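Quick setup: one chain, the form predicted alone, written in structure tokens, and binding and motion questions come after.
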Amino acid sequence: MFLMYRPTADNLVPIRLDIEIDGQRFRDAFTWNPSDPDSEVVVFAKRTVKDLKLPPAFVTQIAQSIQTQLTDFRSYEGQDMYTGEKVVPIKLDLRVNHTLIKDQFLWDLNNFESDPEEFAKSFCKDMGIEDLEVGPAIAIAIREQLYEIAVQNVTSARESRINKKGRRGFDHIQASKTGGNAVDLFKLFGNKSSVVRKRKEWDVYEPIVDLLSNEEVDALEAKEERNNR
């Protein structure tokens, strides 16, 4: 089945920054509305540098990194995607400050009942997580994985058209007539979806949340620094 790739105003782009200039490193992750004017990117970069008292050279690097990721996101506009699997696995393995989170669950792409932000809020409430930075980090991690899935589906659609050149027009027409499906590709990771955690898998995929000591955080950060060299 093929659907048309159409981002909507409600879609949010997962943005991740990791910039180092003259030995000073800046890392951040957040979501961005692709419908916002590009001029907002520079405004955001300048405000970030001012608020965090970063060297002025970071303004250009931050703006360029955001713009590159937005351009990549928008490059799929108007393209077909192949919708194969409707339920996809999502894995969480991240550390936010002193909180370590590991989890795995299935994301139902057809059940439009929640979104990454709502899931993250519920997850933090259920697990008793008080750090306000954890929820947004979980939502971004989910969006990044669903974005990768969306891109893979677009690639699959391209490959299918190449392999079936003689039926290209027919397949596209069939996609347009499948029950009036006005489904946006970016609903895979943007608007509405729901989580599935099978009862028989609760013991295997039970979420793990650990609070790390200062010593454990220092050790992990030192390890991350070594791996990034």
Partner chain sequence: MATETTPPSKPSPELPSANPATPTVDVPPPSAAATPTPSTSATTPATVTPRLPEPDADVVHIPSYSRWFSWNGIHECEARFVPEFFDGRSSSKNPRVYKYYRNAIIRRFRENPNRKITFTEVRKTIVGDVGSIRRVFDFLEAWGLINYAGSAKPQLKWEDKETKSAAAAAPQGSDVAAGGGGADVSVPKKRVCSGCKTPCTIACFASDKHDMTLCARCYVRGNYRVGLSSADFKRVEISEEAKTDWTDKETLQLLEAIMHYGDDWKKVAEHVSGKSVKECVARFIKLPFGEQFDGPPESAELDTELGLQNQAIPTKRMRLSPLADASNPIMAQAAFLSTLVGVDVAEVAARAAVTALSDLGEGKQQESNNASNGDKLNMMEEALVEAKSQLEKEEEELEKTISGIATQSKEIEDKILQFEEFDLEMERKRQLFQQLQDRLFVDQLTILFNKTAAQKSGENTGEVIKIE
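On a predicted model such as this, the values are computed, not experimentally measured, just so you know. Numbering follows the first chain given and starts at 1.
There is also a form predicted together with its partner chain; it is not shown, and the following applies to it.
- Proximity to its partner chain in the predicted complex, defined as a heavy atom within 4.5 Å, holds among V88, V151, I101, A120 only for A120.
- Partner proximity in the predicted complex, defined as non-hydrogen atoms within 4.5 angstroms of its partner chain, places exactly one of 135-143, 101-109, 154-162, 67-75 at the interface: 135-143.
- Among heavy atoms of F58, none comes within 4.5 Å of its partner chain in the predicted complex.
- Among heavy atoms of L12, some come within 4.5 Å of its partner chain in the predicted complex.
- In the predicted complex, A63 stays away from its partner chain, with no heavy atom inside 4.5 Å.
- For D38, no non-hydrogen atom is located within 4.5 Å of its partner chain in the predicted complex, even though that partner is not displayed.
- Contacts of stretch 25-49 with its partner chain in the predicted complex, defined by any heavy atom lying within 4.5 Å, are made by D28, A29, F30, T31, W32, N33, D36, E40, V43, F44, R47, T48, listed in sequence order.
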